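Just one chain is shown here, as structure tokens, and it is the form predicted on its own.
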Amino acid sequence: MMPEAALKELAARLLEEGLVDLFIGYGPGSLPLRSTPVFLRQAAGAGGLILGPTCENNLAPYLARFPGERVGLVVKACDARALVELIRENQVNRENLYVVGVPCRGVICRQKLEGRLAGRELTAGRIEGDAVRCGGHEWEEAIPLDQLVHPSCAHCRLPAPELFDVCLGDGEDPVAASGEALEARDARDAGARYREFSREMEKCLLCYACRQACPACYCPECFVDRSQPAWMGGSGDLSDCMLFHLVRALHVAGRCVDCGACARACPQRVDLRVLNRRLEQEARELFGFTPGLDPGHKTLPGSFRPDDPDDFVK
């Protein structure tokens, strides 16, 4: 049975038998090649569930809205790692979850798709094997899926879900992760790196969409919203934007699973993954730590080993 058909059958059975109170998955969006999160409480709605490269939302952050309920949740590999972090940090109760792992070939990057459309209006789209077939008024084009996947998917080193109660299908072959982009930035002098960072931060509107989409940002009150004391202004000045993103990057260090939710949510297309990928690399190379693999292990900030690197200590 194909994963999508198996998902529909499983969701219906879980709801019919009362094994879950709510099932969270994906349904068709209102625009071509878009999906939307769906929240099912009746088995009759399971027939509308979908799977595929349009299912870009990380569904793990929605769990906070349903405390105490038994929830069935669809997770791709990166979503599953985000869920591990939420369980590890006692934000969700594993016993109340029925986790459905699904295979993922990568999700469609809107920016790449718009670049290929080159101003043409998209009125229809569907996935056909390894291609994305797009169409509009008097035109149609098939674009290879691997040319449209989001950068976080293109660098994915762990394409199979690590946490699940049932997994629908095998994990896809990983795309080789590359550190070339980070190494190229490292090769530049400090002034060039600062100018590049400034250009990205100048795009920021301080709308906090990245924070809202991020599964690791769950604080009841964010530091930017505090008024006593006020940690930063809300004017959108470059210094405020820099402060927000630097502090948020440190906040999710050792917890970010590079799901790409922050970058996809950004209306200004700020390259938000640069800082997070750098800290992810540091955690892996210095401490041998990869987030999202084992809910039984301590978090990186909450752990200590006598042989931890301490070159920064003078």
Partner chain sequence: MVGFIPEAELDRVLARLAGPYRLYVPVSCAGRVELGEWSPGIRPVLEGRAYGTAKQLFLPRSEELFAFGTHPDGTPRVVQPERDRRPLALFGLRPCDARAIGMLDQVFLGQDPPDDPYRERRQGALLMGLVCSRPGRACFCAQVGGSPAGTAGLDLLFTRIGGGFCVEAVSTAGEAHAAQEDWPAATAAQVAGAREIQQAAAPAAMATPGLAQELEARFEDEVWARLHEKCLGCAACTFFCPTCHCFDVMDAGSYDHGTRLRCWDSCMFPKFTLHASGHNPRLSGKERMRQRVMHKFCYYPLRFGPEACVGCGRCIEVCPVNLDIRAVLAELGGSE
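Predicted model only: the values in this text are computed from it and were never measured. Residue numbers count along the first chain shown, from 1.
Although it is not shown, the form predicted in complex with the partner chain is what the next lines describe.
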{"property": "Partner-proximal stretch of 278-286, 44-52, 247-255, 265-273 relative to the partner chain in the predicted bound form, 4.5 angstroms, heavy atom", "result": "265-273"}
{"property": "Contact assignment for the partner chain in the predicted bound form, among Gly129, Gly233, Gly191, Pro144, heavy atom within 4.5 Å", "result": "Gly233"}
{"property": "Residue (of Tyr218, Tyr98, Tyr208, Phe197) lying close to the partner chain in the predicted bound form, criterion heavy atoms within 4.5 Å", "result": "Tyr208"}
{"property": "The partner chain contact in the predicted bound form: Glu140, any heavy atom under 4.5 Å", "result": "no"}
{"property": "Interface membership of Asp186, the partner chain in the predicted bound form, 4.5 Å heavy atom rule", "result": "no"}
{"property": "Contact test in the predicted bound form: Ser239 vs the partner chain, heavy atoms, 4.5 Å", "result": "no"}
{"property": "Ala64 within 4.5 Å of the partner chain in the predicted bound form, heavy atoms", "result": "no"}
{"property": "Residues within stretch 21-37 having a non-hydrogen atom within 4.5 Å of the partner chain in the predicted bound form", "result": "Gly29, Ser30, Leu31, Pro32, Arg34, Ser35, Thr36, Pro37"}
